[in-house]
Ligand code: PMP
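Okay, so here's just one chain, in structure tokens, the form predicted on its own.
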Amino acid sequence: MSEKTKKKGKSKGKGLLESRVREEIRALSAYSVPRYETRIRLDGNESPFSLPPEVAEDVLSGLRGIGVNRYPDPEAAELRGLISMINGFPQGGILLGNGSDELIGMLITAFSGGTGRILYPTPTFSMYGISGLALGRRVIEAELDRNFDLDMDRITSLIAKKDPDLIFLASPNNPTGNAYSAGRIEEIIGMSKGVVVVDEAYSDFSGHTFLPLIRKYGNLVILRTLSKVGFAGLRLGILYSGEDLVHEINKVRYPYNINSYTQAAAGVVLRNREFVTENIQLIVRERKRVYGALSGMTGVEAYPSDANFILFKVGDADSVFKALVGRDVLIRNFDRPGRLANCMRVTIGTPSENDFFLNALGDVLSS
């Protein structure tokens, strides 16, 4: 093949590819997390605690017996039964996903047969918008109020005018860290004709859940995850709702979506979950300490948090971020025009990691 023909083929291939990609997809940016090699990593809202040795050994023992030549249990029945027992919630109202991200995609796929609109407040978890646009839905954003709480005038007006099929409410919210007012959330659930999803990824750190309201509201879905309490590598999201809604969502679930290793490992850690509770309590205590330290720093505005991270504002987030990386500390830079201008998010780590971060930040701000 001549060089001219090769170039013509490449050009034609590129044009053909672009013509087959939906305009909404071309306009999207992929979800990405910048990677830096630092000793202290407080950017991903993960737990800083590894498995206790005895639990790790139980996990390994369970994995050794798995036949990788066989498909996993397609319904993850044993794991769902265990989750049902722990939470006192009917097993038929529980659905599992490969992380909450997959469950968000299932919900958007299943519940968008009315107006095709999805509503969520901003700023919030970016996957609501990314998944909605990727699946061809129309997304509607409602800016939070000055306290990062739900702006009820704005949201109720949009619900009345746009009648969204789905409303996503992350409480506690990421990246702001605060839980929304419970009364405002319940008001939205009660007035919506569509499905309201309360994403409780960080509820273990707030001590509050809307799970009991599922019995009262037939349009309520609760999302949970194991990622924030110590098991991000398992990629296990948990959906709770009425059995009729779960029945519909299950129709769009991919077969065998929870692999055998995740099912086995999650079962072990949930049966030995006392250490998880202890770790959560330590993180909550450290969150209070770190918030106090940040609030006392000149040039820092820290926002109250109900999650395992703290959002704070500095004078120049880009320069602070680079300086922290240079000091072997990685946090998340959320600097963007609008409400998050010069904002940064730090995950609560171990006491020693938190001390290292606070000392590094103090050095950066004073230099």
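Heads up: residue numbers just count along the shown sequence, starting at 1. Keep in mind the model is a prediction, meaning the values are calculated, not measured.
Just so it is clear, the following notes concern the form predicted in complex with the ligand, a form of the same protein that is not shown.
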{"property": "Close approach of residue 101 to the ligand in the model of the complex, 4.5 Å, heavy atom", "result": "yes"}
{"property": "4.5 Å heavy atom contact, residue 137 and the ligand in the model of the complex", "result": "no"}
{"property": "Touches the ligand in the model of the complex: residue 204 (any heavy atom, 4.5 Å)", "result": "no"}
{"property": "Any non-hydrogen atom of residue 192 within 4.5 angstroms of the ligand in the model of the complex", "result": "no"}
{"property": "The unique member of 170, 108, 220, 239 whose heavy atoms fall within 4.5 Å of the ligand in the model of the complex", "result": "170"}
{"property": "Position in contact with the ligand when the complex is considered in the model of the complex, options 174, 279, 262, 131, heavy atoms within 4.5 Å", "result": "174"}
{"property": "Non-hydrogen atom within 4.5 Å of the ligand in the model of the complex for each of 125, 228 and 235", "result": "yes"}
{"property": "Partner-proximal stretch of 290 to 298, 270 to 278, 252 to 260, 92 to 100 relative to the ligand in the model of the complex, 4.5 angstroms, heavy atom", "result": "92 to 100"}
